[in-house]
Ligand SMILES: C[S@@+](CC[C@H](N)C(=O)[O-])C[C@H]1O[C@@H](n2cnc3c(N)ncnc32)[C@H](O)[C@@H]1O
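Just one chain is shown here, as structure tokens, and it is the form predicted on its own.
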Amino acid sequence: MAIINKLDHFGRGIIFDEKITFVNYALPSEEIDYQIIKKSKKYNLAQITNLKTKSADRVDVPCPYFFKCGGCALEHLKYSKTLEFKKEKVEEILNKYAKIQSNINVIENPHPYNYRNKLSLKIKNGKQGFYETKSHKLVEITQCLLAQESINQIIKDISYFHLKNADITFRTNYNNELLIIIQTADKINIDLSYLTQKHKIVGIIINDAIFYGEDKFIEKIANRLFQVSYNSFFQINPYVTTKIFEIVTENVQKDSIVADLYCGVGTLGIVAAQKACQVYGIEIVPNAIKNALINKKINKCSNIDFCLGDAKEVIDKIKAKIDTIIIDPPRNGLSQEALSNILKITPKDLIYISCDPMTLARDLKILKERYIIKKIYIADMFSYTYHVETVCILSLI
């Protein structure tokens, strides 16, 4: 028997004993009986065998796959408490690894369910699902409560793709249209007639080649239209992305010159362009830059230029004096070269958007030598998972 002290950064309950023990699906203050399922030199993993005292913050889980699927970690916790968990998590990481203490603003997801516009499934031996956490054991699913309804509807008809072994990704937009991306060695025998009559399928891409329709569609965020290719990055939560657009707009100075690193299809740069004098967007994915150039025209932005290449190299070639840099890097954060270039350019302001607080803390530890951290936001981009989006506003000392 033990009492759970707190949650770790992956949403597991923690017992402090002779050796720290992480307990799946346990919540703080709960009294439990548990069984060790894995031992290591530094910690144990355990599961609940008897929940003796239930937390007041525990809720019934609507998802039938929650306790098997590795996609979510927090559906058994009140939504408001998941926000507290994420806020404390970011505070702890920034304090421990970057010695940063700051009041963090929380941006809720107005739709904590059915928000995802992208979902990837595994198909193995004709069955579809997700892998269990840290395993290749398939959990069969027929829906995902985090996915938008158009995705859930086509999952019900996944048998009409006649795939035995494949990776399949569904992307949807504001108009419930679908892009379907498949990687497979199977012989293709898709029932196009049935699927295209029942669903708004814009395109099917198999092994990076167009099988049907188009390899891109139009997404709408905050009354702006963006072309998105099948392999271009785009935020998975349109509701929270709208809030991030507002933060960017608030923190770009009028008539400034802005560089948007890792610009993707150009969303943040286009938002910044409504106040900036000039914007430069840099992206390494060719299809994303093609999208960005179209999006420039769609949104009538004459004051933005897009450059194809690695941000750490291309930014050094911009001759204009940059006032603001928008940074939205991959999960591994900024490279040392990119950081060095930013510090060499020394823009007045930085807007750093991160999906990994650990790499954010690593980078802020260096940046704070030259920059004051004015505001930090956590945005609940990935509701009911342990992942969190963080937005930092920095100004030159």
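On a predicted model such as this, the values are computed, not experimentally measured, just so you know. Residue numbers here begin at 1 and follow the sequence given.
The same protein has a further form, the form predicted in complex with the named molecule, not shown here; the description that follows concerns it.
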- Query: Which residue among Y115, Y262, F85, F161 has a heavy atom within 4.5 angstroms of the named molecule in the predicted complex?
  - Reply: Y262
- Query: Of the residues C277, V285, I298, V106, which one places a heavy atom within 4.5 Å of the named molecule in the predicted complex?
  - Reply: V285
- Item | Non-hydrogen atom within 4.5 Å of the named molecule in the predicted complex for each of P64, G126 and Q143 | no
- Should N251 be classed as touching the named molecule in the predicted complex when contacts are defined as heavy atoms within 4.5 Å? no
- Query: Taking heavy atoms only, is D186 within 4.5 angstroms of the named molecule in the predicted complex?
  - Reply: no
- Within a 4.5 Å heavy atom cut-off, is T324 in contact with the named molecule in the predicted complex? no
- Does any heavy atom of D310 come within 4.5 Å of a heavy atom of the named molecule in the predicted complex? yes
- Task: Can you check 92-100, 228-236, 188-196, 143-151 and let me know which stretch has heavy atoms within 4.5 Å of the named molecule in the predicted complex?
- Result: 228-236
